[in-house]
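For reference, the chain that follows is the form predicted on its own, supplied as structure tokens.
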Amino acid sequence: MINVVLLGAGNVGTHLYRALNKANDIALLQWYNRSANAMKEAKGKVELTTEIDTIKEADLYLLAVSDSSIALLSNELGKRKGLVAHTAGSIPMHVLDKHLNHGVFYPLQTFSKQKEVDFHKIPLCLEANTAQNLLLLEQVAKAPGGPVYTIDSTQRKALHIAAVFVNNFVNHLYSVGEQICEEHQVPFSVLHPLILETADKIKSLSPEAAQTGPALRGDQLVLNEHLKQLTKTTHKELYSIISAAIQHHG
């Protein structure tokens, strides 16, 4: 049984709590967060603490906190025998160098507390300063049942940038599409099948091969008409920049 202490109760921390608390061969000893209210769903199910000096000895400490808080929390933990790992995509492993055993446990997914996720489908990207520590992270990562990858800090940073493009940027474009639909009294749900098909298509085709639309076709008449119809300057700018990027891709 691997003893784990989870630190942080934001979106990532909350979902890690839900996954680890159900996983076989994992004993979630404690859940730490500065605000007890953020951990209220776990009351009576796992030991909760808001005091860093009450943190127990464990095999693994998972720091599921904001990027800017990782180094500070790492220092507050003091010297620990167990492995200390953060869960961030863009922060290098070496920020935890003060700990003899350190690593990274990065779940590559978008998390919102109010939306359940299936950890069986979430890639877990791991890095550790020793082979033994990597083995421990692999054992924990395999408990929820999802795919596991060994990814170093440079690769993870690039992966995080790619994730921003395919998730955060794409989601913003969904928001723009929703605004345009609302402006013209069209339900955004009409676009749901298109969104799902676009995402599903890249499972069998490369994104480049799956690309369609007026920019790819060089249909300047349609492009100009769309730009005329858009009412917000930021939407016009986005449309022009992305259309140009599609036309000059590669």
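Residue indices: 1-based, along the sequence shown. Only a predicted model underlies this, so the values are computations on that prediction, with no experimental measurement involved.
The following text describes the form predicted in complex with a further copy of the same chain, which does not appear among the structures shown.
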The one option of Glu197, Glu41, Glu57, Glu51 with any heavy atom within 4.5 Å of a further copy of the same chain in the predicted complex is Glu197
By the heavy atom within 4.5 Å rule, which residue out of Ala158, Val95, Leu100, Leu134 makes contact with a further copy of the same chain in the predicted complex? Ala158
Would you classify Lys203 as touching a further copy of the same chain in the predicted complex, given a 4.5 Å non-hydrogen atom cut-off? yes
Does at least one non-hydrogen atom of Leu29 fall within 4.5 angstroms of a further copy of the same chain in the predicted complex? no
In the predicted complex, is there a heavy atom of a further copy of the same chain that lies within 4.5 Å of any heavy atom of Asn75, even though the partner is absent here? no
Although the partner isn't part of this model, could you tell me whether Lys22 comes within 4.5 Å of a further copy of the same chain in the predicted complex, counting any heavy atom of the residue? no
What residues in 162-188 sit within 4.5 Å of a further copy of the same chain in the predicted complex, counting heavy atoms only? Ala162, Ala163, Val164, Phe165, Val166, Asn167, Asn168, Phe169, Val170, Asn171, His172, Leu173, Tyr174, Ser175, Val176, Gly177, Glu178, Gln179, Ile180, Cys181, His184, Gln185, Val186, Pro187, Phe188
